[in-house]
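Only one chain is shown below, in C-alpha cells, and it's the form predicted alone.
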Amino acid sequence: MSLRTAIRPAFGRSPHRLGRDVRFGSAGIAVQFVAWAAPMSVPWVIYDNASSPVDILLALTVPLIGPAVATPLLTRVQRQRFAALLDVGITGPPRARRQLWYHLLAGPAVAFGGVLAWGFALGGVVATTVFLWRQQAGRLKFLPDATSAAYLTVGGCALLALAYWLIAALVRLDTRAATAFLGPGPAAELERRVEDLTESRAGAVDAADAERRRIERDLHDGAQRRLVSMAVNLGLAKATMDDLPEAACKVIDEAHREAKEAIEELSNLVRGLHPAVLDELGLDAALSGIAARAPLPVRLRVDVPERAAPTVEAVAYFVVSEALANIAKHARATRAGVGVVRAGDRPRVVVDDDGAGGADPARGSGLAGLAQRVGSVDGTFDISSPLGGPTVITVELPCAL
C-alpha cells in the first residue's frame, strides 16, 4: 500500500465504520498519553533542580528512556488495540529496533494527528452551530452578524469534512506503520508465508494421495470383482454348455477372452494408482513386484531400516515404476538396477540401466513428470544419461512431509 493510498479520502464510509475509526483513534491517543505522561513530567523536576550540564542532559533523555523500557508492554497493548477495534491481527516476534520506531515516532505522530482531528471536529461543531448561538443574543455578547455567521457555518462544514478525512487517513497510516514496525518484519513474514505454503502444499499432496488410495480401493473392491465374477461365469458357460451352436460358443469364448484382458488392464491401472501391497508390506515388497513384472532382468536392493511417510513411499514407488517402464520402451537395455537406501536422513532411490543413453527430460518420455512429482514432496531429481549410456536416475526424498 502506497502513501497516496494510505491517505486517500474515504467519504463513502458508513457511520458504523466512522464510529469504529473514532474509537480506534481515541484509544491510540489514550495509550500515547499514558505512555508519555510520566516520562514527560520527570524532566521538569530534574530541570528545576539541575545543577550541572549532566542533569540537563538527563532531563532531555528521560522522556525517551520510559517508552524504550516499556516497549514490550506497549507492543502488546497496541496489538490488542488493533485486534479489538479494527480486527487486524499483528502476530509474530517483532524486532526491538522496529518497535522503538513505532513507539517513539510513528505512534506519537499519529496520536498528534488524532488530537488535531478532534480539534477540527470540535471547532467545526462550534462554527456550524453559530446561528444557534445567535438565538441566545440576549444572554451572550460578541456574537457575529448574520454574514459572518454564514461564513463561519461554511468554514465549520469544511473543518468537519477535514476531520472526517483526517480520521480515515490516520487509521490507514497507523495500520500500515503498526504492521511494518510491530510485526515480524518483511523477512520473517516471508519466511512464515513460505512455511504456510509448504504446509498447504504438503496437505494437498497428502489429499491427492489419499484420493488415489480411495479410487484404488473402489476399483479393486467394485469393478474388478465384478469383472472377475463375469469372467468366471463365462468360463463356466464355455466349459459346460457344449451343446450350444458354434456361433454362440464363439461369442462366449470371445467375451471370456475380452473379460480376462479387461481384468489384466484394470489390475495394471489399479497398481498404477496405488498398489495395496505398498501399504500392507512396504516398499521392498512393492518394488519386488515391479521388478518381477519387468520385461528385462532387474537387480533390486532395498535397505531402508524405517519406513518413510506413506506419500513419500508412494513417490518412490512411482519413480521406480515409471523409470523401469521408460527403460523397457526407450533404452534398448539388457538389464537394469534399482537401489533404495538411506542417505543420511533421506531415502535415496537410484535406477540405472546399460542402454543407449541420451535420455533428456525436455524431450518427454515421462521424465519431466517424474521430476515434478519428486519436487512436489521437496525431493531432488537428477539424471545422468550420456550418449551410449549408462543412464542413472538419482532421487532423494524427505522422510516425512
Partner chain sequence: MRAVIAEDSVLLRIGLVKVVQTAGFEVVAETDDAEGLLAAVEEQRPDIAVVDVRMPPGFTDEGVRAALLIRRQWPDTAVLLLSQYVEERYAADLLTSHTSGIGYLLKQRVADVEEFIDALRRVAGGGTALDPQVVAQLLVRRHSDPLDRLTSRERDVLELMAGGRSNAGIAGALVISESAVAKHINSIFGKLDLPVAEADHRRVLAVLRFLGVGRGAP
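Remember, predicted model here, so these are calculated numbers, not experimental data. Residue numbers count along the first chain shown, from 1. Basically, rigid core = biggest C-alpha set you can superpose within 1.5 Å across the two forms.
The following text describes the form predicted together with the partner chain, which does not appear among the structures shown.
- From the list 311-319, 291-299, 243-251, 161-169, the contact stretch for the partner chain in the predicted bound form under a 4.5 Å heavy atom rule is 291-299.
- Contact check for E191: no non-hydrogen atom falls within 4.5 Å of the partner chain in the predicted bound form.
- Although the partner is absent here, A239 lies within 4.5 Å of the partner chain in the predicted bound form, judged by heavy atoms.
- In the predicted bound form, the partner chain sits within 4.5 Å of a heavy atom of I263.
- The shortest heavy atom separation between R81 and the partner chain in the predicted bound form exceeds 4.5 Å.
- Interface residue among K329, R95, R225, R76 relative to the partner chain in the predicted bound form, by the heavy atom within 4.5 Å criterion: R225.
- Checked against the partner chain in the predicted bound form, the candidates A285, L105, L122, A150 yield a single residue with a heavy atom inside 4.5 Å, and that residue is A285.
- Relative to the superposed core, A109 undergoes a C-alpha shift smaller than 2 Å between this form and the one not shown.
- Comparing the forms between this form and the one not shown, the C-alpha position of V77 differs by less than 2 angstroms, with the core used for superposition.
- The Cα shift for L281 between this form and the one not shown, taken after rigid core superposition, is smaller than 2 angstroms.
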